[in-house]
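Consider the single chain below, provided in structure tokens and representing the form predicted on its own.
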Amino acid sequence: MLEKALSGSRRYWAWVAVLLALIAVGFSTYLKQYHEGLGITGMSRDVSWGLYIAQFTFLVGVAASAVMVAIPYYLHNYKKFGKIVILGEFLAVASVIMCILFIFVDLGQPVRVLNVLLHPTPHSVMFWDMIVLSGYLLLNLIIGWTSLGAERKGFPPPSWVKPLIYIAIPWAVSIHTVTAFLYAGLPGRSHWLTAIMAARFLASAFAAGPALLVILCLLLRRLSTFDAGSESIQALAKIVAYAMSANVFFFLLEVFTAFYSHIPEHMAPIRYLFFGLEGHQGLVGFMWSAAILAFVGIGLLINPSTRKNERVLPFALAAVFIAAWIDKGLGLIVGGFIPNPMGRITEYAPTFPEIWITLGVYSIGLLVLTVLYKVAIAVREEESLAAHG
């Protein structure tokens, strides 16, 4: 079926060319980082995780969100999601590939990744994170590709696929839970030392991922003959609204706990993010933008008249997605390092090499997603022609 990705319009090939150019720039910048070391990034002894790990954390959530389509379709027989469940699974595949690449570029020396395989340490959360991510990637690739192949031939998926689907559903929850444990298990970082971290991660994941999936469905409706259907789009938009509401509620619980208990170590990171600390205000503008976007997005999505307006809907979903990206893809990770356990403040800002490498990784993910979606849509178009022929 991959041959279907080798034909397309000029617009399709122009998009592929842009992605390949960004990949080339990102790769050449990565080679510079490989030779000169992580010193060319904005990371330091005090802020040892930056833009790369922030994107890894955010994209794990996007990958896990495929379960929000799979559960209604496979467990509750909600057939309206039949057209988009394959898109959710392929979005998960592209997201996990990007997650793995962001870990790869963050290691500095890529051969270090072999240590996880050659010297497995089951007591390490990192080890289990590798296991769940690799397993989730394989599950979604096998389920999605096999189901699409069977659909092309006009047959239901093989019976052995169903157990894999049931395994993939709790596995999706596990990948973000284990990622949350990477942070919540660090006693020296008060901003992350909270039992609600995994719940926050899952709530933001179930908001950002479906928001992106709906945006992609609306884009595909304009660029191709594929139509996910208004009912399924509205159902996903409601999921986004309530998941983002839960995410905001969980964050406010953290704010209450930190400031009502008046524990300095818990208050300091939140103060830094939203008001600045000792004259350092690097993320204040970003975090207030995220807060405003989150409330605007929730308001537009909860209100039926604005949610059903498909001119407004993309902006509402984009607001939620960007808010989640700023919060988890920037604020949560960097904020956890400021101040350090000694009370010292070292601000972090990504350098241009980091940004170019990040764009390169995103371009690889988008290229994978483009190819998978091109194949899926071509198969659907074949079915439609056969049905009307």
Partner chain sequence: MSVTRRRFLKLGLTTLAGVGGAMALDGFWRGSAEASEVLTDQKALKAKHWAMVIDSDRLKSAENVQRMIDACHRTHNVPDFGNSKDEIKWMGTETYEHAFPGQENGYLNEGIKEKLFPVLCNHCENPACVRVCPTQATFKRPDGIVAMDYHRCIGCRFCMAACAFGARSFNFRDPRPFIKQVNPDFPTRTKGVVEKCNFCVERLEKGLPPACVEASNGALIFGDLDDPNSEVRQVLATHYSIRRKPELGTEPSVYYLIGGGEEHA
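Small disclaimer: the values here were computed from a predicted structure and weren't measured. Residue numbers count along the first chain shown, from 1.
The same protein also has a form predicted in complex with the partner chain, omitted here; what follows describes it.
- Though the partner is left out of this view, residue 81 does not reach within 4.5 Å of the partner chain in the predicted complex, counting heavy atoms only.
- Proximity of residue 123 to the partner chain in the predicted complex: non-hydrogen atoms within 4.5 Å are present.
- None of the heavy atoms of residue 262 is located within 4.5 Å of the partner chain in the predicted complex.
- Interface membership of residue 192, defined by any non-hydrogen atom within 4.5 Å of the partner chain in the predicted complex, is confirmed.
- Distance criterion of 4.5 Å from any heavy atom to the partner chain in the predicted complex singles out 187 from the list 163, 304, 187, 154.
- Out of the listed residues 29, 363, 57, 41, 41 is the one that sits within 4.5 Å of the partner chain in the predicted complex by at least one heavy atom.
- The candidate stretches are 355 to 363, 316 to 324, 62 to 70, 47 to 55, and the one lying within 4.5 Å of the partner chain in the predicted complex by heavy atoms is 47 to 55.
- Not one of 3, 135 and 381 places a heavy atom within 4.5 Å of the partner chain in the predicted complex.
- Annotation for 93 to 116: interface residues with the partner chain in the predicted complex are 106, 107, 108, 109, 112, 113, 115, 116 [heavy atom within 4.5 Å].
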